[in-house]
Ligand SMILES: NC(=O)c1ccc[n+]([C@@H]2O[C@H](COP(=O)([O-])OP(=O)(O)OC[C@H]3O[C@@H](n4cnc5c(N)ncnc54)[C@H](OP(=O)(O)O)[C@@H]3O)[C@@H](O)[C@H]2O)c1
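The chain that follows stands alone, in the form predicted alone, written as structure tokens.
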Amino acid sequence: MTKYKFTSNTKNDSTRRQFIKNVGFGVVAGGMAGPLLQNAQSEATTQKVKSRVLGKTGLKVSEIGIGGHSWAYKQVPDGKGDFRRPTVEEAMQMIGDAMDKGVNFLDSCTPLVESSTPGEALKRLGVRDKVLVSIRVSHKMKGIKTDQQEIYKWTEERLKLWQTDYVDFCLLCNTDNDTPQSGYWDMSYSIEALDKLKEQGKIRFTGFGCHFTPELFLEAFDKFGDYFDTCSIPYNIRHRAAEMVLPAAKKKNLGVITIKPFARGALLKDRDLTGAYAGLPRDMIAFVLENKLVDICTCGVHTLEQTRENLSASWTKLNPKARDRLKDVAGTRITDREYAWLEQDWCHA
């Protein structure tokens, strides 16, 4: 249990009571049971997301985490033929429902709303001390002394957005647009900054990852793996080069947080997820979880229905039909330039 505790003030308590009043104790729009308000009988029959130990941190974490780009992108139908972002109220529903099913890991990416939306949701629910929060110092590291100031600035900004005094994880990330070698950089300056933030009690654990090539992950493990606690690696049914990297991560006892189970939706594009491909996102996460070297599979969610389906991967085994569909997805070539680094460096198909 974390040593940090936060108590809700009167205004927060009032907001939470209003939220409870709005969602009720029974079924509301979309068939949602009030998150965190299940009675003893329903709790006994509700499936829960399984837990794994996150490497050298020793923390017991849910094997599915909510994160990535859950809040910044317009993926929610607005009823007018277009799309919008999830609201804070919807984030409360999704996060509350996920926590009720055992999820305790929330991840955030670059856009400000990726931290402010879940931060406000946790504040209103009054459950900050019940979850592990991860931030990513994304795409600014260059292997020079100014990295330190970037980390300090980024962390302070995210603490305000999450409305908290500390975060549990601070992960360093980068892209090939910032350094010549697909995100690899000298982490010495970064480590100095992270140590200072640890001393100040603003971060608990550290990590790195995201846009490295597989080969450079191995080099990073060799040079810096003894310092860091976790690593973040892309892994899905098509992009499987992580399988040659994961054993080295585990040799360093690094907690493994995988990302992009759907390649940010690119592997789901143009597939009928209500017909022939119903349940595909769940099965894609279940595939990742079959690898016991994975500790957490983080996935983006935009609706309550998506949240519930994704989490069901923890207790839904892949059947032969699901495996056949996954073989089809594995053969899907992604032409979007945004994911060229995945296709070039991580594709195993």
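Everything quoted here is computed from the prediction, not taken from an experiment. Position 1 is the first residue in the sequence shown; the rest follow in order.
Same protein, other form: the form predicted together with the named molecule, not shown, and the subject of what follows.
The shortest heavy atom separation between residue 206 and the named molecule in the predicted complex exceeds 4.5 Å.
Taking non-hydrogen atoms only, residue 161 never approaches the named molecule to within 4.5 angstroms in the predicted complex. In the predicted complex, the named molecule sits within 4.5 Å of a heavy atom belonging to residue 262.
Remark: residue 63 does not count among the residues lining the named molecule in the predicted complex, judged by a heavy atom distance of 4.5 Å or less. Among 313, 301, 288, 296, the residue placing a heavy atom within 4.5 Å of the named molecule in the predicted complex is 301. Heavy atoms of no residue among 59, 156 and 230 are located within 4.5 Å of the named molecule in the predicted complex.
In plain terms, the part of the chain that comes close to the named molecule in the predicted complex, with a heavy atom within 4.5 Å, is 103-111 out of 122-130, 141-149, 219-227, 103-111. Contacts to the named molecule in the predicted complex (heavy atom within 4.5 Å) from stretch 51-77: 67, 68, 69, 70, 75.
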